[in-house]
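Form predicted alone, single chain, as structure tokens, below.
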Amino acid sequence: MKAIVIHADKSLHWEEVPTPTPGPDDVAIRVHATAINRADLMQRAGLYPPPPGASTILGLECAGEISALGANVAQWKVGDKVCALLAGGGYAETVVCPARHVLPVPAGFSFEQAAALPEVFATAFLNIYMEAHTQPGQKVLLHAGASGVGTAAIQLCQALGNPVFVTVGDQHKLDTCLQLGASAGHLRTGGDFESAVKAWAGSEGVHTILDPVGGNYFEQNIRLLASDGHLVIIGLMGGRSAPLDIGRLLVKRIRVVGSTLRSRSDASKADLIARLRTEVWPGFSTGRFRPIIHARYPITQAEQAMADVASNGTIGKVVMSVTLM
């Protein structure tokens, strides 16, 4: 098969590599589309190695058709149209993953649309509702609200009764977030977000903050949280360290959670996928949820596609179609 290979100079090439075979609890998927995540950019740069035992090929999600089954797999059949959460390997013609990490392509969705779903809806649901235990009516602050995770999170929060405030990079991104259901937002070019969020949230503060920025947002985040609030940090785009007022954590019983999806156990991911299938996936067939796709590229233009994501100008996902040779 062919896959994207990272050369020593960090350039990307569509080359022949060995075809993986499924283990007893796995499926093989003939990939029709995949999508770019910031973790892919970090891995390419040598900053985010795959977990032990995972494919070294880029790609944390895909959509396609099941092409082979492990001996223990009974819930899928060859030819099923699926999308999947991956620990790696999505930038290829074939990928192998645990059968319990696979979801059906929603009715009426293209493979490109389905490839834009698993990573971002899993990340948003996991961190807002499983890690932060957000309840209906509680307010949520989303940083990078126009990102893939942000646009998925806005839709989930709107459906589940959680008012959302977003921080974004420009007015077009803010307008998009408001159209998706965000209540209000703040442009990063307008300076610190703290006063704007306080004016929106009122004296009660926000219960949940989903933050891919880290360091230079940390102090403002802590001051904005309500009692028993949760700050879930999923990235470090703003640095790895920040001052911490431990007293504020104690007085308000605040929880700071560091969270990554890729490195979780197969069992943990399987539990998450099962909840997504029950609680989120029906919303795609009813139109309640939808993928937000900024651009589509062929897999042979992976360099350009990743540059698009790195530019920070995208809204939602960048997906790549895989042409089978």
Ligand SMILES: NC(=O)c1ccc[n+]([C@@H]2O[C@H](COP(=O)([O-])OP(=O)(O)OC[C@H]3O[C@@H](n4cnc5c(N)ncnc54)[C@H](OP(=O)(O)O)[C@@H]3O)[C@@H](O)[C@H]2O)c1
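When you see a residue number, it is the position in the sequence shown, counting from 1. Quick caveat, the model's predicted, so the values are computed rather than measured.
Below, we refer to the form predicted together with the ligand, which is not included among the displayed structures.
Given that the ligand is not shown alongside this chain, does residue 19 nevertheless sit within 4.5 Å of it in the predicted complex, heavy atom to heavy atom? No - in the predicted complex, heavy atoms of residue 19 and the ligand never come within 4.5 Å of each other.
I'd like to check something about residue 238: if you look in the predicted complex, is any of its heavy atoms closer than or equal to 4.5 Å to a heavy atom of the ligand? Yes.
Proximity of residue 259 to the ligand in the predicted complex, heavy atoms at 4.5 Å: Output for residue 259 is yes: heavy atoms within 4.5 Å of the ligand.
Exercise: residue 207 in contact with the ligand in the predicted complex, heavy atom 4.5 Å: Residue 207: no contact with the ligand in the predicted complex.
Listed range touching the ligand, judged in the predicted complex by heavy atoms within 4.5 Å, from 145 to 153, 110 to 118, 69 to 77, 131 to 139: One stretch meets the cut-off, namely 145 to 153.
Heavy atom of each of 173, 213 and 217 within 4.5 Å of the ligand in the predicted complex: Yes, all three are in contact.
Of the options 92, 234, 97, 82, which one has a non-hydrogen atom that comes within 4.5 Å of the ligand in the predicted complex? Answer to the contact question: 234.
The ligand isn't shown here, but in the predicted complex which of 198, 188, 252, 255 has a heavy atom within 4.5 Å of it? In short, 188.
Quick one: which residues from 163 to 180 get a non-hydrogen atom within 4.5 Å of the ligand in the predicted complex? Contacting residues: 168, 169, 173.
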